[in-house]
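Starting off, we have a lone chain in the form predicted alone, written out as structure tokens.
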């Protein structure tokens, strides 16, 4: 495992909403460079940057036109290279977002593939042999692009209509128009994506978060064994040249992802992880009323943790660009407890930009670049109380998404001056994580109780106790305290074979036994 990843605490940046330096209303690379010292000051030492390649932005950059060229609105390739350099000089690392499953309709690969005359790109996408033959009943394919090209056939799309699916082959070929995953056209697609990966790592990128990583090979079996093999073969080639590169998967099946060669897999907000039970259901665990239930979450989590220990990591994020913000269900006090949980769990923590100050999720705003309900979690970063919250000098009507109109909205400037703010509490928590090896990514984890309070041990010597409710909670606990490493809101007391955890509080306790 890469040494830097073991101690990483990631910050996800949605670049178009982070910091604008040229007054066009859209964030840019220079804005990120300008804020690197802030990011580091919070305790983050790694960054995940959402897609920044050339794109028509029908899906916020997840519809790539040119994998080798950054979008002009963010800057130039040289600007991105400088961002890598500036991060590295501060001891930080950056991973880009890789979208290997589909491109935009404007990608030159797709333009060439639409031609009736066969060419080197004819097999780059998944086409049927007739425009009257649709692509249906295949997992990961949501529809087709048809009737708009000179080529006879329907082209599979992975998500939105504007995202034609790249062809990595079919594990089980059931139709004459389907290619096997070892066919020349599928291997050509694989080679093309390997070249993209090598290009950006060669530019200074430290790795990639991979979009929809488990969906590339179609008609795969229940264990996704063909897709696992595909990634193993991709990584075998990439890591011959760049062994230190890090790869994080959007897969939601950590045992498969790590077997495939990924270093870490996200717990997704959909599927079987029960991630939403933590912060985002109508009865989240981290609420005051104590109606949450983490039994199913920990059942799934412990199964996956057992499969992955020693092989890689599971990530539990505060949120991301695809879901409502953590503040949708939790207030600032609850968010502090949620951060104490995230920073004391195994694996690598990820924090979504703005969550560190409790930025609000804005409901019922118009969709921007395919965001729909997600748009409310993609609003501009709130830096200070100046015009546009310091995000941009553009006129308000030119902003990528409108600023939160609430005059009481949180800002970095105000929270830095408030010792009781979410931002300053998160700083303290991350400092403790960095200084306490038992709270590290690889330390042992033992769940003691997933009720109220939540109790677990890290590295056998540190007890974490969290009580989100407004009532003091006392349960049996035979451990003996040596020192309090961190506490908030009164923390907890260990005595007489019991632990008492104060209302809305958390404690990290070093144990004697």
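Nothing here was measured: the structure is a model prediction, and the numbers come from that model. Numbering follows the first chain given and starts at 1.
From this point on, the text means the form predicted together with a small molecule, which you will not see here.
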Distance check, residue 224 to the small molecule in the predicted complex, heavy atom within 4.5 Å: no
Residue 325: touches the small molecule in the predicted complex, heavy atom cutoff 4.5 angstroms: no
Proximity of residue 263 to the small molecule in the predicted complex, heavy atoms at 4.5 Å: no
Contact test in the predicted complex: residue 212 vs the small molecule, heavy atoms, 4.5 Å: yes
Contact assignment for the small molecule in the predicted complex, among 29, 44, 486, 62, heavy atom within 4.5 Å: 62
Contact residue in the predicted complex, from 307, 81, 229, 321 (heavy atom within 4.5 Å of the small molecule): 321
Site test, 255, 299 and 443 vs the small molecule in the predicted complex, non-hydrogen atom cutoff 4.5 Å: no
In the predicted complex, segment of 112-120, 286-294, 370-378, 183-191 with a heavy atom within 4.5 Å of the small molecule: 370-378
